[in-house]
Structure formats: structure tokens, C-alpha cells
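For reference, the chain that follows is the form predicted alone, supplied as C-alpha cells.
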């Protein structure tokens, strides 16, 4: 006698595989962003792979320079990586979101005493870099012929040891250049961390990516805005409301004290101090500024 059943075996769970820098300047901010998105990741010491406990996400911890290749080859669906690496490696991946951290610039630097008057200064000179593709693109655009020395690490010492007359390297504060007797003279790329994806992402993974992007964008909006509460005299209420952009319009609630209202709104970080000064001038009092954890629009 045979027994039949309508029960179907469940297929494999659909997951997103994301590559994250295993160490270095982008690692901590990448993991922090995932956690701010409500995704619980265990990133123990020397782990090469980890699974989220509350989101269908698998994290690979890889070398920064290797991430675009892994994403192009679909070993990983997504990757957190610097724009400088994306454009230097020139792999077939799509940038889907700029993440707002890891900001730096790829710049040309020469000795402090050099009379740099433009890119033509580099004509027939030696330039040391870890970014030969981006450097060559810049030199070609400037119609400059220079000798590119590709080196990894400690690029800034090249002029001091006679290896090159200039360098092309990542710059954040510029203090390393200063300590090595160099000055920054050209910026060829402004870079920040970005989220990249495989160009042939499956439909199921694309759906998960959209959910992840929704969370990332909500976290980014929250960081770029402040929640403001203030007390306003009703006689100046119209002027004060006109200063507050908000998401649609400010919330206004009457206070127990007659003639006063409580006004609640959201102000962009870029406009914050300018608007706060105008609010005080217009008669606002008791201004309270509160950070926003998530912002859903």
C-alpha cells in the first residue's frame, strides 16, 4: 500500500550575499550601518563569513581590492567598497547607493618646494601610485605623458627616496603628506563608500536588495536630519513656521500657558545652524534638538 502526501519539501532559503572589507577604514562603518539597519551580524575576530540572525543576509569578509571582482563573478551579490576601488578595478558592477562614510579624495601631490603650475608639471616625470588606472585616465585627459610607478603601501615616501617626483594617493586630512614634505596639488576623484551589486542579480535577490536599500536610506536620512521642538509665542507663530521646512509642515500644539505653542519639525543638517539662529531671532524659546534614529518618508 502506498502513502501519498501533499507536503512539499521546502526549497533553499533565498539570501543576499554581501562582501565587506575584512579590516581597514571601511570595515567598522560597514558593520555599524548593517546594525543600524536592524541586522544582527556576528563579526568575530578572523571570521571570513557570518550570517545575520534576523535578515536573509550572509556576509563575506574580504580584501577591499578583491570585492569588485567577487561581485562581478557573483560570488557575492553585493559589496560595500570605496568608489576609488570600484573605478580603479573597472569591473562589471553597478553602484546602487552612496553610503556617506569613508569619504576621501584621490589626489596628486608633489614636494613642498616644487613650483607646480598645473598638470603639465608632470610631463616626462615619474609618478608613484597604487591607482595606475585612475592616474593614467587623468594624465590622458590632461595630454600629459608621465612614467607611472605602481607601488602598494607607503606611496608618500616615494619622492623622499628618489623613486618619483610626484605621487597619486588617497588623502583624508593631508597630515601624512605634510609629514613627508609633500603638498596636495590636484584632486582627481572624490570618493566615499558605496554599495555595488552584480549586474545579473536574480529577481529574488533584487527584491531583498530593495528591502535592504529601504533600510539604508532610512538610516541615512535620519543622520542627515534633526528633530526640533521649540516654544513659540503665538504672535510670531506664522513667521516661525515659515522658517521650518519639515517633511510636510511643522506640527503645532497649544501649550498650557496661553499665547504660546509648541512647534515640532525636522531640519536638515546642512541648514541647521542657519535656521536655528533665525528661529531665535524670531522669538523661539526652549529649543530642543533630538537625533533621529530612523526616518521613513
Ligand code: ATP
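Positions refer to the first chain, counted from 1. Computed from a prediction, not measured in an experiment: that's the story for all the values here.
Below, we turn to the form predicted in complex with ligand ATP, even though it does not appear here.
Although the partner is absent here, residue 84 is a contact residue: one of its heavy atoms lies within 4.5 angstroms of ligand ATP in the predicted bound form.
By the criterion of a heavy atom within 4.5 Å, residue 36 is excluded from the residues contacting ligand ATP in the predicted bound form. In the predicted bound form, none of the heavy atoms of residue 133 sits within 4.5 Å of a heavy atom of ligand ATP.
Using a 4.5 Å cutoff between non-hydrogen atoms, residue 15 does not count as a contact of ligand ATP in the predicted bound form. The stretch that touches ligand ATP in the predicted bound form, counting heavy atoms within 4.5 Å, is 63-71, out of 230-238, 264-272, 63-71, 46-54. With the partner removed from view, the residue among 200, 172, 224, 145 that has a non-hydrogen atom within 4.5 Å of ligand ATP in the predicted bound form turns out to be 172. Residues 102, 103, 104 are the members of 97-117 with a non-hydrogen atom no more than 4.5 angstroms from ligand ATP in the predicted bound form.
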